[in-house]
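Coming up is one lone chain in structure tokens, specifically the form predicted alone.
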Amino acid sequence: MLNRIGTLFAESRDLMMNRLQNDTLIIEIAFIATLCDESKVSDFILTPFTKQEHPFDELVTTNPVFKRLEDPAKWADTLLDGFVLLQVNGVVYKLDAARIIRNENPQTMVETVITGPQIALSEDLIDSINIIRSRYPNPDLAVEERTVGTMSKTRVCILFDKRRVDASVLTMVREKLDRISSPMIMASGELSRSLGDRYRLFPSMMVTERPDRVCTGIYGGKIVLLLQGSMFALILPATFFDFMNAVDDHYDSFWMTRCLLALRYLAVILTISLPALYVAIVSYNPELFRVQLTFSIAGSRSGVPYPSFIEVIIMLFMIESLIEASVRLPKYIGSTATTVGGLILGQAAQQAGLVSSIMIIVTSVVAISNFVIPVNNMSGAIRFLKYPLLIPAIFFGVSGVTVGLLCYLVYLADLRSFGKPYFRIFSKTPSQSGDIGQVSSE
């Protein structure tokens, strides 16, 4: 065994191979030191073998942590998964001794809440499943494991409630996972793209770090994908309205949550349509405003030398650049730098006559409204919907914006998430064929 493994990993300095002997037995062990927890190697192999309190060959055959490995073709992959190979009396066994670097007590960083749980999923699969099982103590919770990535061989776990899941969606997910041909899958976003979100305008899977959202999804008949090395889970299928619900909605009072939901939908409409409406009203339909407001807007634009859509594009470019900078900068200086940059740039642009003061208000409302959307991957998708609407606003005014919004609605109504309607409005309609969250027949 050692000769074959030594040939396979000829250039690996962290490969450990030993041939050990006691009074009665000779064994061979091989493992990759950087992937294994050496205390497990010592506790399960070296100490029992050297102390000889019990016959080691009997110990290996009776202890379930040692699993027989028949196929030599799997030796390399087994070592790379953090296992120890052990040869006793000509039989090769494997021992799981993987050393996992994990963040202790992971806290939510993206989906923060005020009164709900603060713990997040872990980058280790076992820890994440432990967290979910402790919150969903039901024997119907099923866990399946796959590997994705022809090179990375990343472990993926499929979690679902076998009494509530839609069998057709589950079959589709299994087939799509088996068909993934990407060499490297390292994050949940890559897995989402490989499952079909690469060219979609709206996400069909929800990315979340919150175990309570995961458990709510499983209870609702959805499927959860956990990826080794990522603390974000994928919940599928997802509707447009799932993305508009914050976790806080389950903890606050009924009317407060309904008011907040209405606020979010209003924010979505504003962030998509406000720049286009500004261009349309200033350039084509000023009669929609009262005369006083029309004169006020015209006065603020009196020093701006170019059309309104150029003004809008300048300000939107600045705000998108600030958002990107706030994401990439270190968190200790990111908020300060972008706040100061936004204030100085906005004021300087207005004083220099590049944009009007009304345009600065419009840009601020658009940026703030975009951040009201509670799920980040939907917020990113909606962030770019305002740009196509500028084109019909430039040529056709308010009527062009109306047609553009109608096209968005038609596109949403035509979308499917794993075969299920994406734009279903109400989540608690009676179960019907093809509906999301349908309880399968028992």
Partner chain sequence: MTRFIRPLFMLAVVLLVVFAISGCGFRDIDKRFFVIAMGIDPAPEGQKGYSITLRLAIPSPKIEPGAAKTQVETINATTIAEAIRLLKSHVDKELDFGHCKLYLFGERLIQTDYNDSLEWVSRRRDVQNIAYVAIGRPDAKTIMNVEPQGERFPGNTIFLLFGNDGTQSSYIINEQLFDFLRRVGEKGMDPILPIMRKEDNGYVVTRLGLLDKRKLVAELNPQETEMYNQIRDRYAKSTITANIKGDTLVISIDRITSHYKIRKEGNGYVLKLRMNIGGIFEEAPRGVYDQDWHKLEQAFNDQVAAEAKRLLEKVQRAGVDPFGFGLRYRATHAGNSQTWKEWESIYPTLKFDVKVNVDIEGSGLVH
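Positions refer to the first chain, counted from 1. Computed from a predicted model, the values in this text were never measured in an experiment.
Here the subject shifts to the form predicted together with its partner chain, a form of this protein not shown in this document.
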Among the candidate stretches 110-118, 292-300, 160-168, 136-144, which one is within 4.5 Å of its partner chain in the predicted complex when only heavy atoms are counted?
292-300
Check whether Asp178 has any heavy atom within 4.5 Å of a heavy atom of its partner chain in the predicted complex, and answer yes or no.
no
I'd like to know if Ala276 sits close to its partner chain in the predicted complex, meaning any non-hydrogen atom pair within 4.5 angstroms.
no
With a cut-off of 4.5 Å between heavy atoms, is Met378 one of the residues that contacts its partner chain in the predicted complex?
no
Is Phe44 a contact residue for its partner chain in the predicted complex, using a 4.5 Å heavy atom cut-off?
no
Option touching its partner chain, based on a heavy atom within 4.5 Å in the predicted complex, out of Val282, Met315, Ile185, Val173:
Val282
Quick one: from Ser230, Thr271, Ser204, Ser308, grab the residue that has a heavy atom within 4.5 Å of its partner chain in the predicted complex.
Ser308
Residue by residue through 194-216, which ones have a non-hydrogen atom no more than 4.5 angstroms from its partner chain in the predicted complex?
Tyr199
